[in-house]
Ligand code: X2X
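First comes one chain, alone, set out as structure tokens in the form predicted on its own.
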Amino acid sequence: MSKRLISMALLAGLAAVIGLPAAAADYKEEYKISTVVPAPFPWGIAAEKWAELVGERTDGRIKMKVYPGAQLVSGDQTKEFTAMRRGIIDMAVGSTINWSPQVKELNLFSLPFLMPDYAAIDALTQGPVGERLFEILIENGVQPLAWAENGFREVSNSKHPIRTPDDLKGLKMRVVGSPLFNDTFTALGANPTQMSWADAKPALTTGAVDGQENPLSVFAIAKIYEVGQKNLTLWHYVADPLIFAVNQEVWDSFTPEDQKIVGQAATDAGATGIEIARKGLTGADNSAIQEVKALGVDVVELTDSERQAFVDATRGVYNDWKQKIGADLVDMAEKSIANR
């Protein structure tokens, strides 16, 4: 028997004596989870909850730590998926937007005005579309486990209220690193500039850009209103679901029992994240909107006809990207939303 096999046998025997699964003897001392933002953002809370639940349910055998700010990829959030696939990152709670450059099908959630409400998001993530997207991620070398949510992305600027597509003309807008966002804002007459989240607030502070688009929770917690963003329009033009995922080799190294624990913890943490992301924004509870208004922000809530003008103005982008994403997948999404 080789020295390695002897060592593995001894470790397995030790694990059995102290009541641990044999494979746990080969587990890493720490598993790194990548996120873009920390707590108290809903995104960061969901990631922290995942690590906490896994630690509790394995009695500390599996230790996971959150590394926010995309620091594991030097701040470039669009490289997160590739880094996880290659094993540079063990795990991530990642944005479908940030992963879309590598997995084109994830651009589905960024199709302008595809999802009118939260029920539509759920119809996609919790139905056949979500199942298909998870299959695609597995084909791309990572193991997806559960969904969370960053929320509907709204638009703000420092110049004037936005009620019509014409109100966006000429505005310099910070957008995320996805060509689809460039195309959408260009179709609306704006001048989009792609930059990371780390660079966004300084650019707003100096006036290098006039506006930005982000979920209301990000707008409030990051205090975007303090850098001249006093005009906010709730237009629900795209949403940003989040995915809990693990590098495939890391996942395969876990025992089936531990895979079940890690997976269920992701599902539970995702549910917590979604609840927090939607707090004050659903049903009769609009407290999150009222809190932003109380900060001196002019909040525009579009009528159906006003929103339709934006839908019409971006329909060419929608149709073009439907083909790039995959017409069959988009058709499935449209059907799921219609039947929600």
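Just count from 1 along the sequence shown to find any residue number. Here the structure is a predicted model, which means the values were calculated and not measured.
Just so it is clear, the following notes concern the form predicted together with this ligand, a form of the same protein that is not shown.
For the options M84, I243, V176, A266, the residue carrying a heavy atom within 4.5 angstroms of this ligand in the predicted complex is V176. This chain is displayed alone, yet in the predicted complex one of T233, T125, N247, N214 has a heavy atom within 4.5 Å of this ligand; that residue is N214. Stretch-level contact check against this ligand in the predicted complex with heavy atoms at 4.5 Å: of 289-297, 306-314, 35-43, 61-69, the positive one is 35-43. Here the marked residues Q77, S95 and N150 all reach this ligand in the predicted complex, each with a heavy atom within 4.5 angstroms.
At least one heavy atom of W197 is located within 4.5 Å of this ligand in the predicted complex.
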